[in-house]
Each structure stands twice: as C-alpha cells, then as structure tokens.
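Before any questions on how it binds or moves, here is one chain, the form predicted on its own, in structure tokens.
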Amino acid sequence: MTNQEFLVRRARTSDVPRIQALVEPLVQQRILLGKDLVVFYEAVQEFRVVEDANGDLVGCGALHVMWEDLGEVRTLAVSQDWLGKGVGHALLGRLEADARELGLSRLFCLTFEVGFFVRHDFVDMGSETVDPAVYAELVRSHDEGVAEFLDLARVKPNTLGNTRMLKRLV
C-alpha cells in the first residue's frame, strides 16, 4: 500500500532495531509491553512497517495467527509526529488484508486506543468466550497474547486498563 507521503511494506530483519526504537516510547508510557530484541526478530515475518518519503520508519504493526479463524493485531505503533496522518489506518488496513488472505475471520486486539479501533469496526469483547474444545487447545499456548485473549488470570497485571476488542471480517 502506498500513499504520496508514506509506504506500507513487509518488515525486513534490518528494520527490527528501528521497530524496537519506535515502540520504546510507548513501552515507557506503559501503553505497550516491552519486548527483547530477539522477540522482534522471531516475529519479523508478522510485521508490516511504514516508511516516510525519507526512508524513516514511522509506523509498525503485526498480525499474529492465534487459531484457525482468529488473529491478533499486535504492536501497532505510530511515531508521535505522524499521528493523525493516516499511518495507523493504512497499517491496520494492510493487516486486515493479510488476515483475509490467510483465511481469518476474526481479529483481536488488546488496547488503550479504543476510539481508534472502534472507528475501524472493532467492538469490546466483553465476556465473549470461545468454544470449549478450542479453549482447551488455546490454553496450552505459552503466548501472552493468547492468554490475554482468553483473559487468563496470569496476565491480569499486563492488561489493567486495556480493552479486549474483536472485529469480524467480512
């Protein structure tokens, strides 16, 4: 996806230090959880990044598959200077297109940015649960995002103040 001011593209390993640097201010503000550099490298294939016309990284976001029909939007971040300029919208649009291409029908996110996700047709999950057989499989995962989706007690300190949101893709 391109725009005259920026380009959305698949992340490369060379982007990882810049992704971590972009995310770090949000970690300091306790909006996102911090991740070790190795975690970003392990997940680089899940990331899309946004570059401005100068080649500077101004946004990032990841799509993590959780189940046959379910994915999570993770680590969606936009540089302070680029907020309100369509970068987040473009990133989320690209991640949704990726999700559809993979055959996913639902997207989950855990966020403080409720207004942004509501504008993109996400709704508060409330107490929505999954089929017991699927729950039994998902609960085996060591992935923190899956635990957050399931609202497991062990991740409660990480999720305080966040809203669990879901979007059904059509």
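What you see is a predicted model; the values in this text were computed from it and never measured. Residue numbers here begin at 1 and follow the sequence given.
Although it is not shown, the form predicted together with a small molecule is what the next lines describe.
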item	value
Proximity to the small molecule in the predicted bound form (heavy atom, within 4.5 Å), stretch among 99-107, 138-146, 41-49, 27-35	27-35
Interface membership of Arg94, the small molecule in the predicted bound form, 4.5 Å heavy atom rule	no
is_contact(Trp67, the small molecule) in the predicted bound form, heavy atom dist at most 4.5 Å	no
